[in-house]
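First, one chain by itself in structure tokens, the form predicted on its own.
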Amino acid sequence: MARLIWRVAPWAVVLALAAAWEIFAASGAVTPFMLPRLSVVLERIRADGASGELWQNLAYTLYRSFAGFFIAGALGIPLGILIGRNRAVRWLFDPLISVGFPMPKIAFLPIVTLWLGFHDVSKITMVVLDASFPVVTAAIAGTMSVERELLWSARNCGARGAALLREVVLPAALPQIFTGLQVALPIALIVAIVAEMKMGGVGLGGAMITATRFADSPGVFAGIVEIAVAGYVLVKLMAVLRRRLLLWHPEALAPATV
């Protein structure tokens, strides 16, 4: 019973918030333009889904998000491991990462637009630019946190070069690398939506801006709900993937009982 309560409790909060939204919007305290009722917003989402517009916008946004996310992972993980393993490379890249990580990369949007235009390449580039920093820093931290005893034992057993990285360093650093990927995935979704809002085109962000231009309040709030649901599903899928791939790690084991 206690386990069931813990599982249901978060959804009870969501349902309470949804009920408060519906009641407040129907009370007359605000106009339907300022805050449409949740039932109206859900009906709009259903209509967009039936017409296919929702799935088209979602597909474009997820395509840009995943493309940028996978490129960021493919570039960031090897670079982070290299920086963590090589002192000279770390000395070279450390100032760049220290300055670039806290900097809002959306500031580069005008430059990327001038260079690459308003199409998917520029939007994916912005995603890569933002999502790569969490991956790189997590890979660096994971690589540098590998216990020296493991490295010494592997070397004593004859492991060298690529074998040492593949058999020891990468598995030991994988939990922190996954943490960086879990941070980078919602960032990729956020940046893709912001880029769509700024550059236009098909996508959840572009649909919200179009609804704003036509004073379509239900369409704007429908976009917010759709983004929230998409983000939640992506985060949960990433957590499931982490548990599947880290079955050997202590974090995947059941907690000890007294």
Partner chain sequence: MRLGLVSADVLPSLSAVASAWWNLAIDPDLWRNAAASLYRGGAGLALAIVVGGALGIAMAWWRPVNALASPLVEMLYPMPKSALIPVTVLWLGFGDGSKILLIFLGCMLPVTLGAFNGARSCEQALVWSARSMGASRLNVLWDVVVPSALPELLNGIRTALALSFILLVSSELIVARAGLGYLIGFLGEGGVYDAMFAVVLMVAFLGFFADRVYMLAASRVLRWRD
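Between two forms, the rigid core is the largest collection of C-alphas that superpose within 1.5 Å. Positions refer to the first chain, counted from 1. Quantities reported herein were computed from a predicted structural model and do not represent experimental measurements.
One more form of this protein, predicted in complex with the partner chain, exists but is not displayed; see below.
* Asked: Though only this chain appears here, would residue 224 touch the partner chain in the model of the complex if you measure heavy atom gaps against 4.5 Å?
  -> Yes, residue 224 lies within 4.5 Å of the partner chain in the model of the complex.
* Asked: Does residue 41 reach the partner chain in the model of the complex, with heavy atoms at most 4.5 Å apart?
  -> Answer no; every heavy atom of residue 41 is more than 4.5 Å from the partner chain in the model of the complex.
* 4.5 Å heavy atom contact, residue 20 and the partner chain in the model of the complex -> Output for residue 20 is no: heavy atoms all beyond 4.5 Å of the partner chain.
* To do: Spell out, yes or no, whether the shortest heavy atom distance between residue 37 and the partner chain in the model of the complex is within 4.5 Å.
  => No - in the model of the complex, heavy atoms of residue 37 and the partner chain never come within 4.5 Å of each other.
* Using a 4.5 Å heavy atom cut-off, indicate which stretch of 67-75, 83-91, 106-114, 138-146 touches the partner chain in the model of the complex. => Of the options given, it is 106-114.
* To do: Select from the listed residues 197, 45, 26, 58 the one whose heavy atoms reach within 4.5 Å of the partner chain in the model of the complex.
  => Looking at the other structure, the residue within range turns out to be 197.
* Residues in 225-239 with any heavy atom within 4.5 Å of the partner chain in the model of the complex -> Contacting residues: 227, 228, 231, 232, 235, 236.
* To do: Tell me, please, whether between this form and the one not shown the C-alpha of residue 9 is shifted by 2 Å or more, with the rigid core used for superposition.
  => Yes: residue 9 shifts by at least 2 Å between this form and the one not shown.
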